[in-house]
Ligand code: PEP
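Have a look below at one chain only, the form predicted on its own, in structure tokens format.
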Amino acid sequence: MPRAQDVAYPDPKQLQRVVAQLAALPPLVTSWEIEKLRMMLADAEQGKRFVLQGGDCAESFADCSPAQIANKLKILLQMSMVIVHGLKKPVVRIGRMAGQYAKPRSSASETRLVGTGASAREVTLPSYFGDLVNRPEFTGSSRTPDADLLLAGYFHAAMTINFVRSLVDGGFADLHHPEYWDLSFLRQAGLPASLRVEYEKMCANLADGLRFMEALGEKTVEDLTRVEFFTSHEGLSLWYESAQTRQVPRREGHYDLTTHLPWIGERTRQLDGAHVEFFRGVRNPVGVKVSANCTPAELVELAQRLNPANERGKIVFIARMGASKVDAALPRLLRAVKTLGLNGLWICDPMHGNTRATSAGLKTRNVEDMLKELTSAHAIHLAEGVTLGGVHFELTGEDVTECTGGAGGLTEQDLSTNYASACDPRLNYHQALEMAFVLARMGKGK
């Protein structure tokens, strides 16, 4: 099948050796975890749960450190508690982590001016496709695809997911005391006074409610601190995904055991492509990114290919329209699958359709654009009678300056302060928590 975003490895024998090694290694996740997530996603389709999916645009091996992993987990847990409080329903927490090492690119190559003065010359090298494929430094050796990085990706993913499991099992992040969270963005002048008061009241109510639950007994405390957490990543490298795909005892079908929820990107969702062909054969729930360019006919065929039995919890439509296009594009797609009775969970990705470049050439996103797309999607889902079952964010627990706007009032001039992303701009800690408060307000009908 045609393989979009294909990587040309220079040494086929090395690639085959690495794939064989990956196939012999233990799985990163288990089939029963995958089946549990499918049940939860089926609940979310029916409005019984809400999905929070978030994490880095592209993980790097260098960021596989306790502090960075813990901070990402912490912000996702804190966001989920705010959303639970506002929506009054359980939240399914899914991290873009422990495998988000590959990124699609708009061009397979990149040209830069190397050198200075009379010796300056244009050099064209392969684009950086993420640490799973090559390295970011602009040199011939770094940009040459290296199959051994597939193995490095597996081991970094294993370390990440093991650390996450240890933190979750150990009751990480004291969620009983939201008053200890970093809520300094509430003091920013950009946040209207009425919203500031409402958010502070929400946080106080959450703290009081959790302390009351804590007083009920030790079992309740355990239930509050030990949460379910699942992983996800874009299934871009079919070498990596297929090596860990296998049958398991006492279950039918094949499971992709690199992650709980793989997704197919906007650039790889061709109906006759290898990615759709591969992921229609696994039992995992599978996400598919859907932009304003997707036609109703394409969406219907995607749904039927990826979910031929029309099961609940099997397919996740991750809508990434853009604030300027969501009103025109989303309703027709919702109607197309609803009219045919096709099951699927709809979640809103308000980030990827709102990327733009600054005058200095930096990629950024504006929080107000994201909020506009999110509130529009919420209203459209209500009008069409289709459940909006979750959200998908690129975020970090660090104090980065990559997205403009929000209560902190970041401007383009602020971006250079701490622009750390190797690919796409992410919400920082304050912006991410602000998004959670906005979602909680939606649940209250505000």
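Source: prediction; values computed, not measured. Quick note: we count residues from 1 along the sequence shown, nothing fancier.
One more form of this protein, predicted together with the named molecule, exists but is not displayed; see below.
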{"property": "Region of this chain that lies against the named molecule in the predicted bound form, out of 147-155, 299-307, 336-344, 100-108 [heavy atom, 4.5 Å]", "result": "100-108"}
{"property": "Heavy atom within 4.5 Å of the named molecule in the predicted bound form - residue from 57, 69, 34, 415", "result": "57"}
{"property": "The single option of 373, 234, 256, 131 touching the named molecule in the predicted bound form, heavy atom within 4.5 Å", "result": "234"}
{"property": "Partner proximity in the predicted bound form: residue 266 to the named molecule, non-hydrogen atom cutoff 4.5 Å", "result": "yes"}
{"property": "Interface membership of residue 394, the named molecule in the predicted bound form, 4.5 Å heavy atom rule", "result": "yes"}
{"property": "Heavy atom of residue 352 within 4.5 Å of the named molecule in the predicted bound form", "result": "yes"}
{"property": "Residue 96 within 4.5 Å of the named molecule in the predicted bound form, heavy atoms", "result": "yes"}
{"property": "Partner contacts for 299-333, taking the named molecule in the predicted bound form and a 4.5 Å heavy atom cut-off", "result": "320"}
